[in-house]
Structure formats: structure tokens, C-alpha cells
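One chain is shown next in C-alpha cells, namely the form predicted alone.
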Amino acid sequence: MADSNRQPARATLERWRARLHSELHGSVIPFWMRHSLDQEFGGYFNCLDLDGRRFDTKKHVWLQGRQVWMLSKLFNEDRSRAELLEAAKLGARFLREHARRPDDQVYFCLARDGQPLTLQRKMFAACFYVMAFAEYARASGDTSYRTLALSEFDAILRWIEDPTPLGKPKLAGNQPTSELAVPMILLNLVAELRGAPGSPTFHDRPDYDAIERRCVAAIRRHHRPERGLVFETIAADGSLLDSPEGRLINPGHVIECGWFLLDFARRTKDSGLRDEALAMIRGALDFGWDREFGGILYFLDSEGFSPQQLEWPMKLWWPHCEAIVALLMAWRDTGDASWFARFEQVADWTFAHFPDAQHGEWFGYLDRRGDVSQRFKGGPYKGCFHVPRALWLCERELAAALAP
């Protein structure tokens, strides 16, 4: 691990960049391109064993959308790779034909041929439908996908105000709450709809600024700087809840939210928000790092009670992915070498435990000691998203740091 008081040498940055690039383009993306594409019915197989064999043909819509987004992003970065656009088209057409209902709700899971299987009382499948179509429209030049993305985005805004159409009635005994997941994903969604400022495909809308400001304010209400903690669920009035739900800390979620805020602070040149985002990332990593076995614990109770989630001591792929992104961003934004030292601490642990050198891609679920718990590479919650997104974003951060 790097000395926290010394800036990393250029050779160190180049070594990490090469490693990330090799993992992304030599292992992770080839795994999904080899094993997930359904050339017969469209879309992607996302339930894949360690060697890519299918153990289920169900297609989970939020993972279909995430893969369309990821492949489109990579194509937009390197337009010589036509195979990525063809693979993205396979998923985009499948989603367009099967994922959305006439009432604007988006199915959670579809059969292989696109027949609906399950519908959640949540909006998250719809969020990744929007992300997918916004980026695929840029990749393909087909603006009809952007029209669909914006139409669904408007439905999401309505559901945030009134979730009853999702099958979530307001019951008398339930205290109104604020969930961190809602403003953080909405903040990221607006960034994806906008695109890169100054690019030919940048889009704006009169309400985007106000939506982002509301999201940032809502996220900040979850933060307790005096304790260094960000709570997953709080009361609607901003107060803390004395319950297992109210005491729940999800370090990976906080870290991901932190780099969403860093990205927004970069674009708006908001140094105060940057500093708060850094404090959130630092607090989550301090609280969530397993000092006995290394790695980031999945769930914790703010008061030290046993979390109700039985998987709380496990080490999952996605919090570690979010952490390496956040830590590199923090280092670039501050020039503080201690952030890079922390990046190396997390990245070294991550690369020592998750990647599968034999079959490609990463294992997703480890026990507390860091041994593989579930061997599959894709399932209802793990797909072509967190791993490639993190590798891609980290490589971009390092490329920017290495630029003359």
C-alpha cells in the first residue's frame, strides 16, 4: 500500500491503470459477451454459473437495463468496437418490446421470451430502463429511445410523489420515511440523462437543476456529521428512527452515494458539498471496514446491535467496486495522498479476493473471511454493471491524473 504521506509515483498510476484496463477488457466484458447474449429471443442471460453456464433463463429487467447502459457507454468511448453496439441493441430492443406496461410500470423479471413474470412495488427497474435508453440513444443515434427514457423518467417523478400506483398504499400505522436510495439514484439518473457537458449529445431540461438540488438536500438529511454516519432510513421530517431499519448502516450504499455527490460537486464547483461527500465516504469506510479480516462489511447497526439481515458480515462485490471509484475520485479532487493509500488498501483486498482468473469476471459473494460463498457470476442482483462500471471509471480517473 502507498505511503499515505507521499503522492504515488507515475509508475504506480500506470501500473494500476494497466491492471484495470486488462481486467475490464480482458476478463469482465469478454465473459458477458461470450455467455450472456441471447441471439434467439434478444436480451441477456443474467443467471450464469462461475464458468458462464446458464442455471436459469429468467431475465431480470434492471440487469438488462444495466447491461445495455454499460455496453453503450463502452461503445461511446470507443466507436470502433461495433460488437458492443450490436450487443447493446440486443438488450435495448428486448426491453423496448417487453419491459414496460401500458401504465408505465416496468417489470422486474421476464421469461426468456419476454413474457412477464414478476412486478415489484419499487421503481428501480424503471430507473435502469431510463439509464439504458438514454445511453443507447447516444450510441445508436436513434432518438426514439431518448423519448421513451424521458417518458419513463416522468413516471418515476410521479411515483416519488405518490407511490400508491406501485402498489404501496399509505397505511395508518406506518410512519412516513425517507429512503437514501431514492434521492441518490435520482441524482445519478439526471446526470445520465444530461450526459457530458459540452458534448454533442448533451441534453438539458428546465427541471433538472431543481431536481438535483432536491436530491442533494434529501441526501444531506441522512448524514449525521457529528457521528460520521449516513443512515439508510430516516423519518420524513429528518429525525432518526429508533428501530432496526432506522439504525441500519449500509457502508457500500453510502460510499456510492458519496461519489455521486462528488461528481455533482465537480460539475457545480461546490467545494462545501465536496467536503461533505468526502466526510461521508470516510465515515462509511471507517465504520464498515472489517479490521479483523479486511474488506467492507455489508450491513451494520449504528448502535452495535446485531443487524437483522443475516448476510450482514458478508463481503459483496459491489461495495468494494464503489469504494475504489470513490477513493480515486477523492484523491484526484483533493490531491491528498492518504486517499490514494486508502484506494490501494481497498483495491489490493478486492483484487485478491473477487476476480476469477480461471473463468473470468468476479465472484460476487464472499463470507466474512473472504472465501467464496456463492460461486455464480450472475444472478437476480449481480450482472454486467458494478464490476465493469468501477473498472471503467477508475481507469478514467487514472488517465486524467496521468494526462500532461
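A residue's number is simply how far along the shown sequence it sits, counting from 1. Everything quoted here is computed from the prediction, not taken from an experiment.
Keep in mind that the form predicted in complex with a further copy of the same chain is missing from the display, and what follows is about it.
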query: In the model of the complex, residue 159 touching a further copy of the same chain (heavy atom, 4.5 Å); finding: no
query: Contact flag, residue 163 vs a further copy of the same chain in the model of the complex, heavy atom cut 4.5 Å; finding: no
query: Contact flag, residue 121 vs a further copy of the same chain in the model of the complex, heavy atom cut 4.5 Å; finding: yes
query: Distance check, residue 34 to a further copy of the same chain in the model of the complex, heavy atom within 4.5 Å; finding: no
query: Within 4.5 Å of a further copy of the same chain in the model of the complex, all of 174, 311 and 380 (non-hydrogen atom); finding: yes
query: a further copy of the same chain in the model of the complex: contacting segment from 137-145, 74-82, 226-234, 299-307, heavy atom within 4.5 Å; finding: 299-307
query: Contacting member of 275, 245, 154, 209, with respect to a further copy of the same chain in the model of the complex [4.5 Å, heavy atom]; finding: 245
query: Residues in 103-118 close to a further copy of the same chain in the model of the complex, defined by a heavy atom within 4.5 Å, in order; finding: 107, 115, 116, 117, 118
